[in-house]
Structures are given as C-alpha cells and as structure tokens.
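Read the single chain below, which is given as structure tokens and is the form predicted on its own.
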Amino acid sequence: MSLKPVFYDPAITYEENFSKGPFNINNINIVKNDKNPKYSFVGRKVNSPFGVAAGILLNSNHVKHAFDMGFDVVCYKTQRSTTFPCNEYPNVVYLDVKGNLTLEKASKPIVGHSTTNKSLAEVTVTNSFGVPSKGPSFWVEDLKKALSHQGKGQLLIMSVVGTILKGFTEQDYFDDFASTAKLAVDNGAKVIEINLSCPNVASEGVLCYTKASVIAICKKTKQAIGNVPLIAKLGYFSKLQQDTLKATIIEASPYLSAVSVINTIAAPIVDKYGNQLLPGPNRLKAGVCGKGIKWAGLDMVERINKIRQENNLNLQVIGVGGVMNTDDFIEYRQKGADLVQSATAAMWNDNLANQVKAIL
C-alpha cells in the first residue's frame, strides 16, 4: 500500500506502535488556532466538531500529534484498572468488502489480507486488539502528559472499560467501570467515555445490547465522577433491536451527556483458504471498521437523533464509523451528529482535520 502510516502501522506489532509511533511526522506544520472556538460539545467550547475516536491514540505522544494536526476532540485509547494483554499480531488486516458491510454480509466469512491496493477512501479493516492496557501504573501519569498537550479549543476524552477479574460478581465488574473512570477524573480527565461495545474480548462480551447492564454501569459511573460529562460508546443495533435501543437511550440519558456510535461490526475473518486468519482462541470473529461500516454509523446517528428529539432528551451524539474524508464528515453532520470522529482514516491521514476545517 502506498499510503504511509501515521498513528498506527498495521505491519508491526501493537508494542512497536506503542513505543515508536506516531510515524512519518517530520517537518509537520503544527496547526495553531487564534480564533475563539465557536462550536460546543458537552459544555466545552471547541474549534471544530471533529476529532479522533478511541483506539489509535495509544499514548500521550500520539495525542500530542493529533492535537498538533488540528484534531480538536480526541479520545485517549481505552484503559483499564489493571494490566491487560493485546491480542496476538496481526491486529489490523485489510478486508475484501464490496460496498456496505451489511449484517447479512457480516454473518459470512470475509477474506483478509496483509496488504491492499485500495485507496484510503475505500479501505475496510479489522480492529482486533482486545482493549489492551498497561494499567494505571503507566496511564495515570501519561494521561496527565496527554492533557497538557490540549491547545485552545481542544478537548481530550478519556476512554475506560471495566475488567472482569477472578472472583468478580457482575456488580464488581460494573463497579470497575466506575472506579476506573473516577481514577481518570481524579488525575485530570474532564470528560469520560465508557466503552460498552467492544466485540474483541470474549471474556467480557458486548454489553450495550443488555439494557439493564448499560443503565447500571452508566448510573454507577456517573455517581462516581459527579459533574464530569459521561459518554457511552455503543455498537450497531439492528432494526429488530429498535425498541431496546430506544428504551436504553431514554433510561440512560439522565446519566449521559452524549452517546458515541458506532464501535465496529463483528464478522468472521478468514484467509484465502477459508481458515481463521487472526491467531488465538475466540478470534474467528473480529471488529470491522472503515468504509464498509459507514452506513451503520449514519443509521445509528439518525435513529438516536430522532429518539432524542421525540423525547426531548438533553443528549449529544458522536458519529463514528467509516469517516474517511470530508464528504463522510458532511453526511454525519447532516444526519444529526454534534461531533464526528475518525479512526481508520486518521491512521494514515493526519491532515484529515485540516481538510475538514477547510469546508467548515
């Protein structure tokens, strides 16, 4: 592939990306904002309604480069209350997806490759990390460094997730979301996002489709962090799950300032011979992101926008999924997204924020 990686290089391991990234950033023009921020998100004034979703900003070095390049609302990669390993390499592979990755297509095996000839605008990839974390002994101090890189009109969101430890009850697991969020707030985080939608951790599963779990976690976390804005990251709800989606949004809204949609769509990933491509147990299926899932992100933004309008909810919406260029940004805004974030495209195109700002 001719595109040069910036925030994440799929050709090397997660640990190498963590220690060596970001890449290809020599002689950059740091974006300076001299104007008063004119957009608002979760009560904060920001330069633009655009940024980077949780996943590719592995540490404060990555966060600094994102802010330097004009991404104004970015997520520090999801962290835990304990150390947690990354899934085996490879974690990002290019997929044979033509058009939209519908739920029907995602139910069947998709062939993955280590390289691609597609342009960035057409790329669809796996995202199979398993939410690794170096634990608070690393991320607490690194979060403080990341926060120090915020410029005028910029905002860092801290993403956290609960971890099931030996002997944990369900309530212990839910409490771990809250205590991890509080630890982040105690160390300077001004906005918290809770990841309720990761499809790549077999032991913990996808929480967002169980309404009672979502409500319990949101309530506990909000009680722990007080007035700090709370965001819930959700996955795609099918049309058959519309009633669950509506009830979940309405009942969780008293605890939330925003909802972020979507995470990924899970699908079985195989090699050209039909064998499981990603090594390790429980990795036949992986989260898919990039161009192929844009339809799902747009659909969820539109549906949640309608729910909040019909029920007069004080809730903002973040649109994520397949935001590869400025046209995709515009589509999300037209569907009702208050903020739009990219991850897949930003892995290679750190000029995307400047391109978006040129059309605002």
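Remember, predicted model here, so these are calculated numbers, not experimental data. Just count from 1 along the sequence shown to find any residue number.
Although it is not shown, the form predicted together with a small molecule is what the next lines describe.
Although the small molecule is omitted here, in the model of the complex none of H65, G153 and K357 has a heavy atom within 4.5 Å of it.
In the model of the complex, the small molecule sits beyond 4.5 Å of every heavy atom of V317. The closest heavy atom approach of G322 to the small molecule in the model of the complex falls within 4.5 Å.
Although the partner is absent here, S342 sits close enough that one of its heavy atoms falls within 4.5 Å of the small molecule in the model of the complex. Shown alone here, T264 lies within 4.5 Å of the small molecule in the model of the complex, counting heavy atoms only. Of the listed positions (K220, K285, R80, K77), a single one reaches within 4.5 angstroms of the small molecule by any non-hydrogen atom in the model of the complex, namely K77. With the partner omitted here, the residue from F129, Y209, Y94, Y255 that has a non-hydrogen atom within 4.5 angstroms of the small molecule in the model of the complex is F129.
Comment: 288-296 is the region of 66-74, 288-296, 39-47, 304-312 lying near the small molecule in the model of the complex, near meaning a non-hydrogen atom within 4.5 Å.
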